[in-house]
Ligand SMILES: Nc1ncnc2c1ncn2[C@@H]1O[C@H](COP(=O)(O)OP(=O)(O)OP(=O)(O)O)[C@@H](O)[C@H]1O
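Only one chain is shown below, in structure tokens, and it's the form predicted on its own.
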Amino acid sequence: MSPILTDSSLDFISHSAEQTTRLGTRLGELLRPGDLICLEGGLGAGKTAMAAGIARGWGAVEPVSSPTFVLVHEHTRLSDSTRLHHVDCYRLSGVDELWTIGFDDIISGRDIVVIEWPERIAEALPGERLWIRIEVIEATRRLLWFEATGDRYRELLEAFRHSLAGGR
């Protein structure tokens, strides 16, 4: 069942990992310092494909890979000193471990933060964010549900909708 859509939500069906990456690219083009993107979904759902697209659209110099064993990958771009932190919380046993990876600095609002498995640390996250839930429908099809909390993220979601409709 699809959620009821509002100005704070959007759902989309992706038909391939490449399409999920392209959606992420569109979103990444719209990000600005301080943005927090949360990617929820089971193993193999497409979180890292979405994160790779976000980083590409944002302008990351290095390609994105799953940070599962490193927990945090930091990406840079040539245009400015802003960084993109790609955080994977899969291996964290709880919120207490967040502080050992310097999460307070990561989430400080100066950079872009993309978090995989955010539901594991939800109580430590700011209330304002863009949450993307990715659900497997079939082998190559995914339901992506975007939920914006806060004015900045409603604005971001509206710009993303416009981008998907062909506007730039």
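Everything numeric in this text was worked out from a predicted model, so none of it was measured. When you see a residue number, it is the position in the sequence shown, counting from 1.
Below: the form predicted in complex with the named molecule, not depicted.
Contact with the named molecule, judged by heavy atoms within 4.5 Å in the model of the complex, is confined among 44-52, 120-128, 96-104, 28-36 to 44-52.
For the chain shown alone, S16 is a contact residue for the named molecule in the model of the complex, at least one non-hydrogen atom being within 4.5 angstroms. The shortest heavy atom separation between V61 and the named molecule in the model of the complex exceeds 4.5 Å. Contact check for R133: no non-hydrogen atom falls within 4.5 Å of the named molecule in the model of the complex.
Put simply, D111 is far from the named molecule in the model of the complex: not one heavy atom of it is within 4.5 Å. Counting a residue when any of its non-hydrogen atoms is within 4.5 Å of the named molecule in the model of the complex, the one hit in 20-34 is T20.
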